[in-house]
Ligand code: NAP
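First comes one chain, alone, set out as structure tokens in the form predicted on its own.
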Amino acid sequence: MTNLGTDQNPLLVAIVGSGPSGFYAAEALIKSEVKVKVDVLERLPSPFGLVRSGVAPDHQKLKQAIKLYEKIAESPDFNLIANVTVGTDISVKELRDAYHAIIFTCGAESDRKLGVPGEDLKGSYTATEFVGWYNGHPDYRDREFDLSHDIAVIIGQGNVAADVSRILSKTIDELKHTDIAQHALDALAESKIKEIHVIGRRGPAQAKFTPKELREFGELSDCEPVVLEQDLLLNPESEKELEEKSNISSKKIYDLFCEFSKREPDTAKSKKCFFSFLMSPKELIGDTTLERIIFEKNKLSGESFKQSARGTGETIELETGILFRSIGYRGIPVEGVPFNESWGTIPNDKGRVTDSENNVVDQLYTAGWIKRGPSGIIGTNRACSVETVECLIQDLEKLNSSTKKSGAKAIYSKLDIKSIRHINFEDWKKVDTSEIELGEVKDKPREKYTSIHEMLSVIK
């Protein structure tokens, strides 16, 4: 058979997931020296993954990455097959039969658990479902959050925790011109929350916000950031961490906490957002609904940059009716693909999927959070995807098959037999245009469709 990667025998690659890592993988393949045809399979009718459904609505600049993804989609070698779930609508075996290689870029879709009694009480939620709800993700549009309580608690001190806290802290006037889902805007307008507590298990020197995210809390129109000066006392190991030039971001974050702690109380503001440290939840208490949380105070131990939080035995209680956990994310296994339950990732060697004995699995590759875990920013996924694609190209001779691969043609045939409606990028652009038009009426960037049925109705 003709060498793989030529005009006569193009390399056929399926990418599972249309978030940043999926698009960056497609870009790397299209820009490579081999002839490729790339089909990106997406569970929802809408592409772009967390850039669309994870980036906070009041951070529109971060969504500019979509313009690049749209440019990638213009390539004649790119094809979107959306509204199709791999593992259900189409199997991994069917993909392996149809393509020379498959790259899994399906992200980290579930939250890590606290692992404490009472975690499943009503009123205890994941950050993922709240973020998906206010961003109009179809999976979460029907969630209900009781915002009638005075106090809300967020466990975790990363940027997702910051997003959740900031959305709860903002006024409707600060949100109404964003692309927040209308159902969320309506519910937040009735919110009675006056105190938001953002709690980390380690100290202020280890908080994982970015300085820009944290600085925004000092600029809110009706919410005051609160940090107690005594909570900013550092052990020698933390002081050493902040002295490292490579750790400038953490130093900026600590300085912002210090600035917040020195502010005079602003009695004109009706809300307060408290940042607290060195506490871990031990138990969530309530009959059927969350009523209060028991926290254990922690102490750091270990050398600089390797400090862990150890419980001291001293506990405190905090009354609340609503909690969001944001302590990390994990992937979801796909049938027919190896999965590391401990890490919540697909085991791999530089993107080549490996089995339980660390042997490389032919045809299967991975990139993004499902490859390396939930780390980095949007742009971090580019280098991750490029590494994977470089390995795939190196394997070209091994991927050459004596059996002819049919790519999308074979997939369309199987989907049609099952009467599964699949949509392409041009179909999506109709939804995109309609959302923007609906948003213009409300002076918003867009008004998102929040159900698959609504999206498919627009496509006709």
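Counting begins at 1, following the sequence as shown. Everything quoted here is computed from the prediction, not taken from an experiment.
Below, we refer to the form predicted in complex with the named molecule, which is not included among the displayed structures.
Contact with the named molecule in the predicted complex, defined as a heavy atom within 4.5 Å, holds for exactly one of T312, S356, T88, S375, namely S375.
Here is the short version: of V227, I193, V84, I327, the single residue with a heavy atom within 4.5 Å of the named molecule in the predicted complex is I327. Only one segment in the set 177 to 185, 242 to 250, 152 to 160, 92 to 100 has residues whose heavy atoms sit within 4.5 Å of the named molecule in the predicted complex; it is 152 to 160.
Contact with the named molecule in the predicted complex holds for none of E42, V51 and T126, as no heavy atom of theirs lies within 4.5 Å. Residue contact with the named molecule in the predicted complex: L62 places a heavy atom within 4.5 Å of it. Although the partner is absent here, H197 sits far enough away that none of its heavy atoms falls within 4.5 Å of the named molecule in the predicted complex.
Contact check for R382: every heavy atom lies farther than 4.5 Å from the named molecule in the predicted complex. In the predicted complex, the named molecule lies within 4.5 Å of some heavy atom of W369. Using a 4.5 Å cut-off on any heavy atom, the residues of 97 to 117 that reach the named molecule in the predicted complex are, in sequence order, R112, L114.
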